[in-house]
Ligand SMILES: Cc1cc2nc3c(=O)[nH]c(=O)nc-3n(C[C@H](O)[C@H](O)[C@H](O)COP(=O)(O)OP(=O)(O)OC[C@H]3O[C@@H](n4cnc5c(N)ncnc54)[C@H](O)[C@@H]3O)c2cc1C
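Quick setup: one chain, the form predicted on its own, written in structure tokens, and binding and motion questions come after.
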């Protein structure tokens, strides 16, 4: 296929500024590592997205959100990397609850601020989750004892196989810990209806401030990272085992197990994706050897 022609087609739909060739993915991930994407595009509406899918042909397509919770390998990503950036939302106050319809491209921290300013309570737990609504829905992100499944009424997505739009209920999302229906399908999450309650702005702010302080104290937010590197264990706390294995501060290349929180691998000093992957594997092997416990990555590995 003629890539030149395909790139021109993309530009005619999205505008030149939203189509980039050989784009360095370290600019688009919170780990700040990764090789180049053959083609990187940003799409801000369902209409444009539908046109893109029509022109997709046989080129591989990788969907990303705000670049947290992913690790792009050093040789980059073949085909097209697509970031859906639609950011519209509506807030409807009912007698018993508040309905918020939010596009997948909205950043969690921004939506949390908007809801606080509108005295809407229930999203405080997600105010510090890096990434977008779409990404949080995709992996059932959570913090402080709550998860996205607790606030979702329905989710609208585009099926990449036949370019059709579907809306499914919370139950149909098949939510489990850091897992969902969407993780096993070729789909793009477009928007969601979220259910909240009315609250007092000052109370909401106080809760968000408390969570922010906890994060600053306990998480290595001063270094590039992908969020929590490893999943919670079945009956054990993964970070505790890593700590007890004496692995805090362990380095491979520029990657390091955070001294602040053992569940985070950080890009301490110009790490490569290879450094991070090797350190992840080392941690998994050591925990298995010392405690006979298998730990899994929470970050998604993309590219080659």
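The structure displayed is predicted, hence computed values, not measured ones. Numbering follows the first chain given and starts at 1.
Although not depicted, the form predicted in complex with this ligand is the subject of the following passage.
Legend entry - this ligand contact in the model of the complex: residue 30, any heavy atom under 4.5 Å: Contact with this ligand, yes.
Legend entry - residue 143: touches this ligand in the model of the complex, heavy atom cutoff 4.5 angstroms: Yes.
Inset, instruction - Please run the contact check for residue 267 against this ligand in the model of the complex: heavy atoms, 4.5 angstroms, yes or no? - result: No.
Legend entry - this ligand contact at residue 63 in the model of the complex, heavy atom, 4.5 Å: Taking the distances in the model of the complex, the answer for residue 63 is yes, it comes within 4.5 Å of this ligand.
Inset, instruction - Name the single residue among 36, 272, 68, 258 that comes within 4.5 Å of this ligand in the model of the complex, judging by heavy atoms. - result: Filtering the options by heavy-atom distance leaves 68.
Legend entry - Answer option from 116, 208, 221, 193, heavy atom within 4.5 Å of this ligand in the model of the complex: Only one option qualifies, and that one is 221.
Inset, instruction - Can you check 198-206, 72-80, 91-99, 126-134 and let me know which stretch has heavy atoms within 4.5 Å of this ligand in the model of the complex? - result: Every other range fails; the passing one is 126-134.
Inset, instruction - Note that this ligand is not shown here; using its position in the model of the complex, name the residues of 160-195 with a heavy atom within 4.5 Å of it, in sequence order. - result: 178, 187, 188, 189 sit within 4.5 Å of the partner.
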